[in-house]
Every structure is written in structure tokens, then in C-alpha cells.
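Next comes just one chain, in C-alpha cells: the form predicted alone.
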Amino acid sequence: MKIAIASGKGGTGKTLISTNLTKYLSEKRSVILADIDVEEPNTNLFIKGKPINTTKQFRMVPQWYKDKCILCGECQANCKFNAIMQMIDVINVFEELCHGCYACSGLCPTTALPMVEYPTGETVEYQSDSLVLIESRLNIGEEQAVPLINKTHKIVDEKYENREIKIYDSPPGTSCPVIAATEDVDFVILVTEPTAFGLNDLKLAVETMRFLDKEFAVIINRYGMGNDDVEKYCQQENIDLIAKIPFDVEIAKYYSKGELIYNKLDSFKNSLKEIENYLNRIIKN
């Protein structure tokens, strides 16, 4: 089963849930955790592991060869992302804007724009006891997260197909990286907080998941610090509320030190048990 931990906004506790739930479940099942918040991965701060493999990641972009080019303008005319611009007798390729659709390369009548590898980041696989952690990270300045997210999914599917549960720590928000992170999973857990901002962005996340036709449920983190508007919203929308993780300064203290919490606080572990019981029912169905 593939489970994405997502949220409508940053800072709600996705990584808190992802790391502790993964470690908790790994004591009973074969689990893999993939951090596909590639712009700012941080799961390795909490689950310490030994690197077992590092893969440099690339995407394909066109490279212009002046001696082959007849300056027909087909490449610029067919690029939907403004990644190619013809300036008199020069073709400029803006790699940061290129989506690797191959239109310019495939439609060039003189093969003056062959596709070449462009470095985007790397993926590191870690072993931590029986648990495998995969963390993908974009290069500084790289703007496109989706290709690296898709390649991380591919690594998990091809190399760790037999893992019973695959958990994905997803990017925040509702933009393209979130779509790429969740479109191929079986279930999505949306993490929110009991505040006006949390409710507003939860509504956006719910709308996105329904558009993608994904099964999902909600966890409220820092429960008790705000109001009950999130609970009322979930009731009105018939959304399952899996767990309410209490607002506890001890959680913040352990988290700030990069420590796991499931084996330190009984109240937090009880919340993880509620999540586990819910997932067990989903898996059986």
C-alpha cells in the first residue's frame, strides 16, 4: 500500500507524522519511507541511517548545434514553455524552463537540437535497521521538482516493490509537486492544525484530492491550541478524522533536537496506534 502524507500548507507536521509512523510500523511490517519533498527534504534528520546507494539525477533538455541549424524557427514556435528563443542567428535554450517534452528536438528538421542530460539533484538510499529511507534533493537553484519526484517514485516501485507499506513524505501545498507526489498512491493522509490558516489550506487540499479522485482522511496536529472549526468542517464534509495529536511542548522539544517521539511519549504513541488501526481497516478493504 502506498500512503502519502500531505498537507495544504507547510509546518503542519507532515515530517513529524511520516518519520514516527514509519518507524513505529517498521517494528511490525516491512516499510519504506520516501522523502519526496525534494526542495527541502529533512527525514534523514530524524531517522538516522547508513547510506547504501546514491544516484545522480538528470532530466533531458535540448542542446543547440549551430552548424546543423537552418534557423527555421520551428523550435521556438512549438515550445509551449518559452524555453527556447531565437535571437537573429542564435537559438537560446533556457534549461530552467524546459519541461523535457521533446517537441523542439523531435520537430527540428535538421536534428540541431538533440536532447542531453541536465543535472537536477540526487537520490540517496539509507538503511536503518529493517527500515529503508529514500531521500531525494534538488540542486540549489533548480526550479522543477516534478521530474525528481517522478524518478523517486520509479525507484521505489522498481527496487522496493515487495515492501508491504510505502510511505511518502510529500511537499506542502496543492501545486504541481503535490500532484506528482500523490497521483500514484493508494491513500492520502492530510495533516492540518486547528487554526484559521490550517482550515483554509485543508479545504484547498481536500478539493485537490477530490479532483484526483483519491481516498483520504485527516489528522489534526497540535490539537487543543486553536478552535474546533476543522472538526466541524470534517463532519460537514463526511471526512474521516483519524487522530488528534495533542499540543504538547514536549513534542516540540524532542522534535527540535531531531529525535523520534513515538517511543518517548505515550500520548503520541496512542495517536500512532489510532492511525495504524485505521490503516489496517483500509488495507483489509
Partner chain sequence: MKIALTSTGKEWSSEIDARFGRTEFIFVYDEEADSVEIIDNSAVKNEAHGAGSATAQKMYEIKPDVLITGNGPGETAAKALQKLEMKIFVDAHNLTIKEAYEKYKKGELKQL
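Keep in mind it's a predicted model, so treat the numbers as computed, not measured. Numbering follows the first chain given and starts at 1.
Same protein, other form: the form predicted in complex with its partner chain, not shown, and the subject of what follows.
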Residue stretch of 206 to 214, 188 to 196, 100 to 108, 81 to 89 approaching its partner chain in the predicted complex, non-hydrogen atom distance within 4.5 Å | 81 to 89
Which listed residue (N150, S128, Q76, S175) meets the criterion of a heavy atom within 4.5 Å of its partner chain in the predicted complex?
-> Q76
4.5 angstroms heavy atom contact with its partner chain in the predicted complex for E96 = yes
Heavy atom of E143 within 4.5 Å of its partner chain in the predicted complex = yes
